[in-house]
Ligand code: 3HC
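Take a look at this one chain, the form predicted on its own, written out in structure tokens.
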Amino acid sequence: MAQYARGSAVAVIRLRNPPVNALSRAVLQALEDGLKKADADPSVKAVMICGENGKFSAGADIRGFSAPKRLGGALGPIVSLIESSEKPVVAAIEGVALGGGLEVALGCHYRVAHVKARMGLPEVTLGLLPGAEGTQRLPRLIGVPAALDMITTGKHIPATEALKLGLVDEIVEENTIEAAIRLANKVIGQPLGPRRLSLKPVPKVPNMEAFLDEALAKVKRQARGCLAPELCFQAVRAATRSPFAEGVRRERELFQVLLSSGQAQALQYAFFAERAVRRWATPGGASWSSAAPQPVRRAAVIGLGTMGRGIVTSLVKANIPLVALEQDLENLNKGRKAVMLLLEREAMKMEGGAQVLDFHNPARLQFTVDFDLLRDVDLVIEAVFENMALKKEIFHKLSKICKPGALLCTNTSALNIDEIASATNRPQQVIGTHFFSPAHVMRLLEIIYGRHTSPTAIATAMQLATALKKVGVVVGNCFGFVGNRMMFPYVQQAVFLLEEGSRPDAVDQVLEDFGFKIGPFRMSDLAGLDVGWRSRKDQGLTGPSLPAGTPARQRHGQRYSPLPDLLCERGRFGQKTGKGWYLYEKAGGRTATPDPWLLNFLSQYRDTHGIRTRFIDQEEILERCLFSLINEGFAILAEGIASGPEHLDVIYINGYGWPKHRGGPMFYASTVGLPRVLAKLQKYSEAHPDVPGLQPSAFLKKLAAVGNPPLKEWMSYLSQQSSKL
């Protein structure tokens, strides 16, 4: 609700809807009633609007977004009502003023903010635009460049920046509400015309049209097929070209387009999915509601290669004291240098922020080669390279040295957690923490429990994810876990498409046009082809342990492509060697150009193996790569490796560059329609009977047979299935 109270000459309207004073219909109604009451009361000379409990308002309640048409429609007229008041209205902004909350403040004639408050219009991140006249008022207040930046990115800005931009009139360190009442008393009787944003002209920019053309190109580049940033831009552009009322009409039209685009649904689904995965459960009955985490007062990281350095940086940023350990002094010094460089960079990014990185203090970050220094840590993350024998040797050592309650984590992308745990005397304390590279940047943390992992260990790893500002997703133990296991068939199809007649740049282009940040071949060059090669050699799929006489393009009766192995044998490991699927300007180069040598090599390879080159269209590239990945997702759900489709989607959005505006692979499958996904897989499977990844999963068949049930009901069909067994 909004509470109305009259002080001396200033009426106070308080927005009340804990925890963040979301603008529900009831709050808006009470706000409107309060404004009309103040207007009608001759003893009231000014109005002050604030929020309850130190927060102004975080905007519309996102759960009401199924009906935001009504909400946007209801809020706009109330913002206009505030602005047209004959008595000055002052906003006292504490905590946050986001979305509709900031739009309410823009309707006020004056704005006072607490120094720690944050403001923003984050609607774009949910596939929408500010729908209560914000795209028209903000550019009039702070100018087009700053308004475009805020509206098209959805970023939150601190009060100090808001003051510089002219978004607020003053900032205070003490009582914001008293300061706002003081200001209200001071401005009683002053003319309000100049303070009404709808009457202000948009500040001129030299060469406005040229500036807008350039800004649009930039927005399109960053949006990668996401509609909302572009439509946000169009709404702001309307403010520069049309009178206020016409701009508002355009804002409403564009809002409706977004509402019906499907992207808004996908982005809102992603928003809720990320919250849903915090409530983890395992088939054994352990869950977030009953398991309590252990405190982590001190941690350790073993191995200072690329992953270890990123993990150390993440822990330092989270203010967790730690020990960083390497096997010998040479590697330790190399690792220390690289870590310090990363931390210097992070510290520079944070300059002027509230938090200061304290990484020169040995009590916070200690480098060593001495395992004995791990005796009193609460948690160890092992980050050496993917080699089972090495990892087991380290875990055997840790179980002798670490205190009994210490959590032993392994940063592995595919290895068996139970086998690693078998080297210890405390398998209940062993858990997989699969970080993504670069570990101090990527938000995903796959948390893998083994057969013996305790609920406390899972809860502690999830709490660690939160402390590191990462999205933790709890999954079961199998080769490749969830993310990489779904990635295998996707990459496999991409390589098969090359064999059959496509090119690396053609495959990458289709997947990047779909919205992936980077296609499979660019990704492989970036990660290094030698990583997969080492893993395939360990599995006996290639290299010296492959039995003589094995057909080149078959393993265990299934289709296999030796193409990546052949490139590795020629020392083409990707960016690090300057050559991989693409050519780079130098070793370590970043700019990929198609390599004529590779196209010639592919053509010879097809001749050698009698493969007839055919033209492969974009639709086939997209469907074979994506539907094989989705198909593996259904197999993972059926095996109970993940507890719901949202888990798979959150993993893909946060760890694998899946376009967020398409809601994740399983959500995408539900929008394409499961019967269609099934029919396409059947078609491709018949054409390639020796590729198991294209044979439709039994769970997908079951769901398609009952029509196309909503995603949230999928798992209920699984339990019915198992109860019949």
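If you superpose the two forms and keep the largest set of C-alpha atoms that fall within 1.5 Å, you have the rigid core. All residue numbers refer to positions in the sequence shown, first residue = 1. Since the structure is predicted, the reported quantities are computational estimates derived from the model, not experimental observations.
Not on display, but discussed next: the form predicted together with this ligand.
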Mind telling me which stretch in 274-282, 550-558, 584-592, 109-117 gets its heavy atoms within 4.5 Å of this ligand in the predicted bound form?
-> 274-282
With the partner omitted here, the residue among Pro130, Gly633, Pro139, Gly127 that in the predicted bound form has a heavy atom within 4.5 Å of this ligand is Pro130
Within 4.5 Å of this ligand in the predicted bound form, heavy atoms considered, which of Pro321, Gly501, Pro122, Pro293?
-> Pro122
Although this ligand is absent from this view, report whether Ala60 comes within 4.5 Å of it in the predicted bound form, heavy atoms only.
-> yes
In the predicted bound form, does Ala299 have a heavy atom within 4.5 Å of this ligand?
-> no
Does at least one non-hydrogen atom of Val12 fall within 4.5 angstroms of this ligand in the predicted bound form?
-> no
Heavy atom to heavy atom, is His156 within 4.5 Å of this ligand in the predicted bound form?
-> yes
Contact set, 97-124 vs this ligand in the predicted bound form - heavy atom within 4.5 angstroms | Leu98, Gly99, Gly100, Glu103, Arg118, Pro122, Glu123
Is_shifted Ala704 between this form and the one not shown (CA, 2 Å cut-off, rigid core) | no
If you line up the core, does Val672 shift 2 angstroms or more at its C-alpha between this form and the one not shown?
-> no
After the core is matched up, is the C-alpha of Gly54 off by 2 Å or more between this form and the one not shown?
-> yes
